Every structure is written in C-alpha cells, then in structure tokens.
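Only one chain is given next, in structure tokens, and it is the form predicted alone.
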Amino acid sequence: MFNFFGKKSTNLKSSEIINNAPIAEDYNDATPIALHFKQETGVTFENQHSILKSKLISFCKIRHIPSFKQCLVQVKNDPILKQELINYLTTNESYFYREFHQIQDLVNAIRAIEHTVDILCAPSSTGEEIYSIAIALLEAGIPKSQFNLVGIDINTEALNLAKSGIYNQRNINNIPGHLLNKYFIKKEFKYHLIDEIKQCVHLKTENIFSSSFKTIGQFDFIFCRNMLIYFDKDTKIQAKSILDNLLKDRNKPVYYGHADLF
C-alpha cells in the first residue's frame, strides 16, 4: 500500500500480512478424498493408496490447491473441478475386438430376434468396445435399424476420444485386415473410424450410481466389462443389482469381463 505522497507504507495491518502470506501445503492424508471418490464413482484405491496420493498431489499442484482438505471442499462445490478429478483418476484402457467371443454370443442372440434391440455398453471408455459391437452386428447382416447402441462413461475425456473415432495402432491390432480396410481410413499413423459406424451409437456422460441413471431406460442386452475390477466386493454387488434392474428380461445375463469377479 502507498501513502498520499507515493511512498510505500510499512504500516501493514497484521491481517493483511496473514492474508498475503504463502499458505502452507498439506498433502498428508488422502483418505477423505478417496472415500468421497468411492462414494461418487464406486472406484476404490484400497490397495493403491500411494499411487492415489501421488496423483492427487500432482492434481492439486497443477491447480494451485494447497491441501487435500481444500481440494475436497472445492470438488464438492465445483462440478467442473469434480469432473476434472474423475477424468484424472479413472483409467481407460481398451482395444477393438476384446474378448470377442462375448460379442459373437450377442450377435447370435440378436439374429434370432425380429424386433429392434436396445444394447447398453457401460462403461464405453474410448469407444473400442461399443464400435466393435456395431461392426460385428453389421457384418452379421443385422441392419442398424434393428439395434440401438448406447454407451456411457463417467470420463468425459474418454467419451470425447470415442466420439472422434481416431485410434492408434495398438487399439486396432485385433481387427481382421479386411475389416480394418472397410471401416477405417488410415491417415499418417492414426486410424479414423468411418462415420457410418460412429452414427450407429449414442454416447453420453453418465454414472451408474447417480440418481439420473435410473431414467436411462431398459435394455435387452448389457455389456459391463472391466469396470467392476475397480470396485470392492460390496460395490460390485451394488453395481450388479443396478444393472440387473435395467434388463427387460431378468433371465438374460449381463456380459461382464473375465476379471470382473464377484
């Protein structure tokens, strides 16, 4: 502050000194954020606490958040920051034609159905699985008018990648060569999925544990592969119950991944 004559004053109030002082960093206890994150998403870090703590420190420092306590307050009150944290902490690792035998089972089941079927892919991650289903159905001679494919994920960055339909070599390694040439356009070192396939699916941001998820609709078939591996036992059971309730026919199974053990 300056006095009337333009000289810098040294008569600062104690409150001004406190307010301008650097805030001490406190990144010791990540447990409250871990518990909140599990409550919101179902994802647990029980066996990866050191990894979580390291990632949270980076997350906070990039955003100039001085403590985990302050981070938790801001996440609870700022939807944008909350989504950034979800994107930062959730893993998206997938590829085309993963565990394809399950997709083939789906194709065979739909062949015997005359009406339009509704299929949910939760999570849809970066799109490889739901697009694999679309390609398999079309290759089986099932017209796109006969199926409705919905993909959901809590990670908005993953969904944006899915909507772009642009993939690396490692994502498409399992696709037979003739299908790769038919459904992708190679540009430099990237593979661009053609619009015909992208238009077969509907992608949206959604959390199976949110109240709004109950209004998503009913489905003939549900794919939920490699999501439950991030949940503890009780949360897996809760997720299974939620998904079972979305089936039009409770006698039909939900397709889980081989690692999604209960």
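Predicted, not measured: the structure shown is a model, and the values here were computed from it. Throughout, we count residues from 1 along the sequence that is shown.
The same protein has a further form, the form predicted in complex with a small molecule, not shown here; the description that follows concerns it.
With a 4.5 Å cutoff on heavy atoms, Asn171 does not count as touching the small molecule in the predicted complex; it lies far away. Within 4.5 Å of some heavy atom of the small molecule in the predicted complex lies at least one heavy atom of Phe209. A residue is said to contact a partner when one of its heavy atoms sits within 4.5 Å of a partner heavy atom; Asn160 fails this definition for the small molecule in the predicted complex, lying far away. The small molecule is not shown here, and in the predicted complex it never comes within 4.5 Å of any heavy atom of Gly151. Note on the interface: of 201-209, 65-73, 214-222, 48-56, the segment with non-hydrogen atoms within 4.5 angstroms of the small molecule in the predicted complex is 201-209. Note on contacts: among Ala30, Cys60, Ile197, Met227, the single residue with a heavy atom within 4.5 Å of the small molecule in the predicted complex is Met227.
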